[in-house]
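First, one chain by itself in structure tokens, the form predicted alone.
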């Protein structure tokens, strides 16, 4: 509890690490995660530090391991997770591991390259066989025809496309055949026509089945084409166009015999390539399976080794370059563990001179460490999202554990909806060790990490639902109503009572649209409902008016109590930092201003509830009118809640008016008095100087003092302050801004808590509308079709309830509860200007390892 109420007490320690044992000592510290290192080489470039070569070596090993993981995943080989608790590899094994990994990478790259080359050749041969099969039907040529001329005579008067003319002249007819992508056929045909001016014959046909592209590996549809041309220049143009469109061109046989020989040779080569490729893939899989057994462990070891060298680059060497000096922030409770870790590292390295540490005094503000567990972590994250707490100030998370789910439940109060949320959160809590929940989608991970917040929100919503007597917008009569309808009948009363009271009879019941229960009639109101709202209000026409009055007053009461509690927590901060003058000159005036106005409003609300009963409610004065009259001082006599009310209200107003100038001027004048050398009280402190946003003037005043641990300063008086560090105008302006913000905030923040009433009303009305539009319609259908209709109606009702009332309304109430804590509650005492304690811990790297491997 003490650690959660305030951050851990920190100290600055100096580590002296022998050069031969520094690696092992940091490895031991990384396993325990006790300290946060400070960078002693901030002015040195990252490329000029001592261990930059070792960091580059680790990055090279990470690159090789990333390549191995990529190849293993591509081969669909499962990656077995090894031990994450393995220590960083000893320095003796680093070179051996690097050599093994580099040798494995070279072998894998060579085998993979050969495999890809074989696969590409196989795909090209398959394409060639399909091309020969399809082009066989394109052109019918004489087997006896053989070209007799290599020269091209002039053909000025003959058609170049006249095939008989070509035969007659014995000209050389050329062919280009291959495959082209389906989407390029039309453009390819147009380009051939325009460039070759019609001196080509293009024939193409679509393949029956898609083939894999040898270059990209993509399975696409192909077209086989055959281009007939005459002339050497036309042939060059055709080949260039084929290259431009990335066609896969293959030689075209001139004779049927040549075609048959090529086909037989292709079939033989394809069978050989299948055999060789299969053996290559088997060997590659064996190598990858062997590498997969240790790749996870090696990834973790390399990550740890790289982290150690990063920390070593933050250390500085002594003048002899034989000892490394490091400065760390360490919780005082973990100093013994730090010493044991250094001893363990020295013992593992076999050094004769052990490494050691000593604490050093400092005036710097330490980082903030608040230890959490799986239950408190979610609530601490809500507070840290506003700002990490300043060192040793009160931590709101311990109170947020109760106040946050309670304020959420006030806005979300419904028994049924809260129970569904509670069951969902309970399911997550019971299965929190399931590995798939941590590796699920982002939204599901958010629900999982906030499972304990959801659990308490659902549980508190069940409680407030019982108070509101709402269960899926319906009231539940658990204890019997405190109102009796039978007592309103005239037959149950004496003749004298019938004359004095307005009672019911059969005629009144039959002909009246509305019937009113009179609590002054004996027996009508028998006492309050034992728990929450009486269920009879669910039948009343003025139900909304009654609930609005109740929830609005409840919201004001909860808000004022919440804000007052925040001001009280500020007193604990002033006591801890030994600034008692802030208690007398800031906190007490703030409390008086708050309680004399809004605390008195709470008193009037509770007094009216206790003094006036249902029978006397007609003569009870209005709280709103009484509160307004408190500031207007009416001259005429008005009804009052109690005797002497006017005198008490004037006294409260006087105290409120006097607290404002004290709040504005008290602290600046007191600091000015201290600056002039007067004696003071309650501002001595020891330890670290806390830098806070709202106390720059105190820091400047206390900055010239000698602050040392173990000494009590200023017990008999205050030291004189240096004049150049004191600015009375700035202090006065800062305090004036703070006071104006507080005084106006008391009013605006109180009004802000009315969102509790507004969100609760909206949730109840949405639930009521959903019931009226779906369930009521389904339940009123006759028995013939009622059962068939009721099942889909229930399904739609359940779906809309989860989507609208649980998710959307729940998110809205969640955000409003966060705002009430951040703005209305925490700004009364919480600065949130600290820096988070980030220890050097290998556990923080483990999640990244699993992500990389996955």
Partner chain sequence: MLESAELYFNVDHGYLEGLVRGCKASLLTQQDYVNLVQCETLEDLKIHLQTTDYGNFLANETNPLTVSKIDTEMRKKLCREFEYFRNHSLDPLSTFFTYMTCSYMIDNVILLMNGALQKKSVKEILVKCHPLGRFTEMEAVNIAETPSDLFSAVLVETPLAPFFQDCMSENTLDELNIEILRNKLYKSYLEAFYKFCKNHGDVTAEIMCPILEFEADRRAFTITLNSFGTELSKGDRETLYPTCGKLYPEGLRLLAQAEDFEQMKMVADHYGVYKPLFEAVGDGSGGKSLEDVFYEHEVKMNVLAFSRQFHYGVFYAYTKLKEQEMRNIVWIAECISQRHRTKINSYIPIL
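For clarity, a rigid core is taken as the largest C-alpha set superposing within 1.5 Å between two forms. Residue numbers count along the first chain shown, from 1. As the structure is a computational prediction, the values presented were derived from the model and not from experiment.
FYI, the form predicted in complex with its partner chain isn't displayed, but the following is about it.
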Mark residue 45 yes when one of its heavy atoms lies within 4.5 Å of a heavy atom of its partner chain in the model of the complex, and no otherwise. yes
Quick one: does residue 244 come within 4.5 Å of its partner chain in the model of the complex, counting heavy atoms only? yes
Using heavy atoms and a 4.5 Å limit, would one call residue 625 a contact residue for its partner chain in the model of the complex? no
Verify the contact flag for residue 60: yes if a non-hydrogen atom of it lies within 4.5 Å of a non-hydrogen atom of its partner chain in the model of the complex, no if not. yes
Which of these stretches, 744-752, 451-459, 518-526, 233-241, has heavy atoms within 4.5 Å of its partner chain in the model of the complex? 233-241
Its partner chain: the contacting residue among 776, 103, 322, 190 in the model of the complex [heavy atom, 4.5 Å]: 190
Tell me, out of 789, 823, 800, 52, which residue has a non-hydrogen atom within 4.5 angstroms of its partner chain in the model of the complex. 52
Can a Cα shift of no less than 2 Å be assigned to residue 310 between this form and the one not shown, given superposition on the rigid core? no
Superposing on the rigid core, does the Cα of residue 235 end up 2 Å or more away between this form and the one not shown? yes
If I superpose the two forms on their rigid core, does the C-alpha of residue 574 end up displaced by 2 Å or more between this form and the one not shown? no
